[in-house]
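Encoded as structure tokens, the following chain is the form predicted alone, with no partner shown.
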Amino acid sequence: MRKKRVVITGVGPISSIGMGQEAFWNGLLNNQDHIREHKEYIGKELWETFRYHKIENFDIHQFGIDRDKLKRIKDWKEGEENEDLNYLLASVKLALDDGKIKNTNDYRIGLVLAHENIGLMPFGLKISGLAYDMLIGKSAQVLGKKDFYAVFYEQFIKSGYDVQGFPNLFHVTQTFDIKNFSLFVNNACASGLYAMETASQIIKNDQSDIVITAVSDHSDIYKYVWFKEIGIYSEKGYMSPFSKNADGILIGDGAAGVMLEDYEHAQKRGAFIYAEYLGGGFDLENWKITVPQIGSQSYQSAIKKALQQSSVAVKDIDVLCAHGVGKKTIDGYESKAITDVFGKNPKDLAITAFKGYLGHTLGASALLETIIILLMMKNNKIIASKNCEDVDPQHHLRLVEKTKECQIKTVMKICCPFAGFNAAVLLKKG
């Protein structure tokens, strides 16, 4: 059996600065971030006010998805809209369109979806409201414990069922009539990189010729409250990775669809090839959920594994896209891993970070930032790091300060997420 090569032939970005390849790229070139202030109310009471990178004017019907299939999903969800699922659907459709796939039945197509906690937050709000109404609100009534449980259970059983990954995988595969090997993965902020590696393995094992990977994350109050409570939400209201004034994250709406394909298959159908997926390196730290293990070599190991898997030398990498969360402790952990592998203040390596444009889109972040890399390769431009003009010298990094014309051959994307699912992947322009 021939050794298969895997290439990327379609992208579908959904973000606060633009939806679709052209609008997304223009948003980057125009230095946009679309940060908005949001006021969250419970009834008429103000709960919290916070800033985030917001998608506005999103309409799932604008992407040309079969309306009957969208209605089928809405009927299953009893009329409730799920933005996370809608973002997934839109990003998959954009990737299919960009890859010039009109009829999925003409090809062996698989799907790998990812999300950090799909449907959990709407579910939490729903059961909170139900519990309040039953215990305190207008519908409160005297019930025995058994009857209380029965009424409560009946009201949220389907919503609770949909918090699992596979119903959403079902909805997306049914909408696009995808019947090959499909999977739902969840590896925190690195989910997109794990999804691409999984898609690559599916193709190399001849389970599919094409695999769509898609990840989404819709901002909500619970994410803000939790990040604020653990001290990682930015008080100044924007993200500035590796900078002296870095003080935390801002969440952002986002989704990304990326289509991976067998190289020979892509050639035969005349597909545009953004880049070859050379391979990835992955290393689990097994330390704590929200804090990296300072002094460990896990992140360095993931980077070195990616180099080994891809047969690429450090000197051959043109651009490194960092995770860059803008929290000093985590930035320090990441910069140490980078300088351990590439040296301090590497001169021939362009280092950039993109969360100043997009916010931290959590589960979607790594794949959405990978799309930026692919568009940089296509357009021969390096996008500057946003809000990173005052890099803290203790990081020993030089970040790209201005967007510039540049021939890009090989790029590494790295990620050090919650729970230590450290990951690195390499892409090469053909």
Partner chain sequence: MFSHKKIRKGIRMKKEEIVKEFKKLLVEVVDVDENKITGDAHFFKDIGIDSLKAIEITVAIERRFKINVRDEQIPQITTLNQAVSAIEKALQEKNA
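Positions refer to the first chain, counted from 1. Predicted model only: the values in this text are computed from it and were never measured.
The same protein also has a form predicted in complex with its partner chain, omitted here; what follows describes it.
Under a 4.5 angstroms non-hydrogen atom cutoff, its partner chain in the predicted complex lacks Gln207 among its neighbouring residues. Using a 4.5 angstroms limit between non-hydrogen atoms, Ile294 touches its partner chain in the predicted complex. At the 4.5 Å threshold, heavy atoms of Lys288 reach its partner chain in the predicted complex. Although the partner is absent from this view, His265 stays clear of its partner chain in the predicted complex, with no non-hydrogen atom inside 4.5 angstroms. With the partner removed from view, the residue among Gly343, Gly160, Gly332, Pro167 that has a non-hydrogen atom within 4.5 Å of its partner chain in the predicted complex turns out to be Gly332. Between the options Lys100, Lys179, Lys74, Lys328, the residue in contact with its partner chain in the predicted complex by a heavy atom within 4.5 angstroms is Lys328.
Residues placing heavy atoms within 4.5 Å of its partner chain in the predicted complex fall in a single listed stretch, namely 332 to 340, out of 332 to 340, 356 to 364, 270 to 278, 197 to 205.
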